[in-house]
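Quick setup: the structure tokens below cover two forms of a single protein chain, split into structure 1 and structure 2.
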Structure 1
């Protein structure tokens, strides 16, 4: 029996050159003569993986954010989680969890450039006192959920080729935080090249393309390509609880939310999303909007000022349903999107990307944005749902993102919110907390592990709660 012969480097180069020429990207081979054979082979691997048709289309359309369609847009009126029959929906959600129908899914493939952290963001020390990593916080929460509902709850983590190995090493070094390696699955997402303003693909070095992870929307393709959608379905898992790696207050497994997703009349169990009321017009979160029956998220950068600032009759923000990037997806819904060949649109963002100058070939370390990064966003799946449930939660309960090194959404603001939530839970258990009389700010630092309590109600049953928490105290529970 003969096996097909792998094409030689020269043959591969010829085919690549022809294809690149057709798309005006032939400059990618300009340093060919200077490369070793190994470097040539790597470069050809990268070139052969480029979705050139898609890139050309993305450049021609200038991306969906270039011209948002503002016709007939209405605000979304979310289901307020505090006002539903919590007992009923929690019972529904608990049954789904207990039935081993739920997996947790963290997207952790981002580059964390705003935070300025070179390591994978999930390794970032995030808690107020013990400085536990984000991964540890989620692992504790998932472990506690497994115990509470006697359920398997596998944990899927999306990484990128840029941080996959380091993420794996970190989790292994911490013995998978006690969850068991066989129940934690790293799934690598794809990449897309950065472009200059003229649409030319940028080289990172003479033998490599400037590639970035393809956005959290890359989750859809990554789950499919690595066989996870079919695997989940075959294991009876129809519910994917999706959250970002940068929010230590999120609840990876929330019975009430899962119950709403499955049993609320406004849901089709395809996709459900959590929002909080925007704190101000300027807050940088995407906003859920509606056109006819179709719901979608509009990026903050695409929303015109008049719309951002519009008020309703009661004086509140009209478009205030701020996405916190927490969703529950029906696995059959994601399978349907994939089988229908549903490609998520590519969004463009101008960013600083170190590269070789496409004209001169000299290395560039930009101080200003010089390149277009292309990414797809997971919330672009929402309009494809038959019905999309939107549920409003309380900010302090679930949203303390770490995006920036300082200022808004930084480790400092996140720590303060984590302490504040713990303080509120303790107060609900009758524990007085020292607060600033004029601002109401909690004057202590409190770190509450998900192992101790997953919610205020379960904290009530805990032994050894403090009698009171005084000013300046640092308490771990």
Structure 2
């Protein structure tokens, strides 16, 4: 038996040139004669991976991101998770988890650059006292869920080409936080090229394209290209619990939410999403909206000021259902989207991208936005669902993102919310907590591991709870 040989560089170059010519991108081979064979091979690898048909569609309209259609938009009225029959839906969700039908999926392609950390964001120290990494927090939660429901619960982590190797080294160095290497799977997301204003793909160097990760919506493409949708289905997993890496308060495996996804009358078991009430009109989160029977997420940057600030009859924000990037997806739904060729739309934004002048090859270091970056968003799956369930949780229970070094959504605000949730759970167990009499703020630092309790109810059964928590105390449980 003979093994088919890979085409030669000349053969690959000929095929690439023909394809590029068809899409007006032949300039990518302009500096071919200056490259070594290794650089030529790398460039051809990048060219062969370009989704040129998708790029052509994205470039059909020049200029900034097309403005959304604002006609007939209504606010979404979520199911309030505190007001449902929790016992019933938790029982439904627990049966799904116990039946080994659930996998956890974390989007973790980013670096901690904005946090002053030149490492994968999942390695950032996130907890108030012990400074556990985000990855460790999620691993503890998944491990506790496995123990509670005697379930397998594989953990899929989407990395990017930038941080894939370092993420793997970090997890291995920490022995996969006790979950076992065989049950933690790293999946590299794809990339998309940056374009100039004329729609030409930019080169980062004579032998490489200016590429960037394809956004959290790239999860769909990554799952398909790496064979995971079919693999999950073959293992009997029909439920994917999706969350992003920057939120240490999220619940990777939430029986109540999974039960709502599978058993609530408003759900089609295709996609369910969690929201919190926006803290202010200016909060930078996408908002769930509705047009007719179709639900969708509108990016905060696309909402006109009048819509952002509109109030309802009670004086609250009319469009208040802020997305926290926590979803449950039906695996058959994702398979259907892929098999029907339902590509997620590409969103465009002008950014500063160092590159080569496509005509002269001169390096350019722009001081103003010079390029279009493209990315897809996972919430663009929502309009494709037969029915998309939206469930409202509370900020203190599930949303303390770490995005900025200081100010809103910073390590300080996240730590305060983590302490507050722990304090509220202890108070439900009858433990008095020292609080500021004027603001009600918790005056202690409390770190509660998911291995100790996944929720307030399970904390009640824990031994050695403090009798009280005084001002200035630092307590780990």
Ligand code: UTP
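Take the two forms, superpose them, and find the largest set of C-alpha atoms that agree within 1.5 Å; that set is the rigid core. Residue numbers count along the first chain shown, from 1. Model, not experiment: these values are computed from the prediction.
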Discussion item. Can you tell which of the two structures I gave is the form predicted together with the named molecule?
Written reply: 1
Worksheet item: Superposing on the rigid core, does the Cα of residue 206 end up 2 Å or more away between structures 1 and 2?
Response: yes
Discussion item. Once the core is aligned, does residue 16 move its Cα by at least 2 Å between structures 1 and 2?
Written reply: yes
Discussion item. Using the rigid core as the reference frame, would you say residue 187 shifts its C-alpha by 2 Å or more between structures 1 and 2?
Written reply: no
Item to complete: Can you read me the CA shift for residue 41 between structures 1 and 2, rigid core superposed, in Å?
Response: 2.4
Worksheet item: Can you give the C-alpha shift of residue 31 between structures 1 and 2 in Å, rounded to one decimal, after superposing the rigid core?
Response: 4.9
